[in-house]
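Just one chain is shown here, as structure tokens, and it is the form predicted on its own.
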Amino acid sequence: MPALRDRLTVSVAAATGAFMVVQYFVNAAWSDGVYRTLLDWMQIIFAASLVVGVISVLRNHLSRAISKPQERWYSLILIVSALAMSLLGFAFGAGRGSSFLWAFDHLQAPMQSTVFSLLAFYIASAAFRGFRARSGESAILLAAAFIVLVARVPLGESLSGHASSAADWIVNVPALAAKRAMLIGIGLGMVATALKVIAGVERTYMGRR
């Protein structure tokens, strides 16, 4: 049975992947219909995986609350908050003026803003460690970052009118070229991974190495 199940899983993944590639080159009504059907199935799979993820998080934190007393309160707060938001959403809806939306706007949004505001300190710390002229490449990076940072504040614009033009050139020419190169590499990696999945070589999605 496990071997049959593996073959069936690989066959479904290969057939789905191959169809998603071919349908871009086929201009037919049946191809568009099958494509839209697969998109609908993807939404169903996403909803089911979301339920599985929530159950997994609740189980893990429940066991952590029992086995790790020093982290018990954090896990209990997460469990109670998740259940409370779920009950508010199912009982009163998520529309305008609902208790769910009030809790989201007055609890979730401020906490999320607070966490993201702390990222500025981590970014400053990483920049301090990274922007050190230890080599020629790091010196070029430091100079480019300094020009861009100075040009993006009012003081830099008042000191020199060429600072903004230099910063725009750095962002639009060398930085954009490096970004496009990275995107091309990412795209090639995605294509290679997709071909490995279609060919049945890559099977990590089945929970195996």
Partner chain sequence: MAFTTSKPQVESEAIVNWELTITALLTLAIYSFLYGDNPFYRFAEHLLVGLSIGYSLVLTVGSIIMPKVVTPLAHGDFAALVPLLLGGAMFLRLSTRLGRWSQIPMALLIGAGAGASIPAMLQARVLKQMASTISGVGSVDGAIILMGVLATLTYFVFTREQTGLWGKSATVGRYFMMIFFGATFAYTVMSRVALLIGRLEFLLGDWLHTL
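Because the structure is predicted, anything quoted here is derived from the model rather than measured. Positions refer to the first chain, counted from 1.
Here the subject shifts to the form predicted in complex with its partner chain, a form of this protein not shown in this document.
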Just to confirm, with a 4.5 Å cut-off on non-hydrogen atoms, which of L159, V34, V26, V54 contacts its partner chain in the predicted complex?
V54
W30: heavy atom within 4.5 Å of its partner chain in the predicted complex?
no
Does its partner chain get within 4.5 angstroms of any non-hydrogen atom of Q108 in the predicted complex?
yes
Mark R59 yes when one of its heavy atoms lies within 4.5 Å of a heavy atom of its partner chain in the predicted complex, and no otherwise.
yes
Spell out, yes or no, whether the shortest heavy atom distance between G200 and its partner chain in the predicted complex is within 4.5 Å.
no
Contact set, 16-38 vs its partner chain in the predicted complex - heavy atom within 4.5 angstroms:
T16, G17, M20, V21, Y24, L38
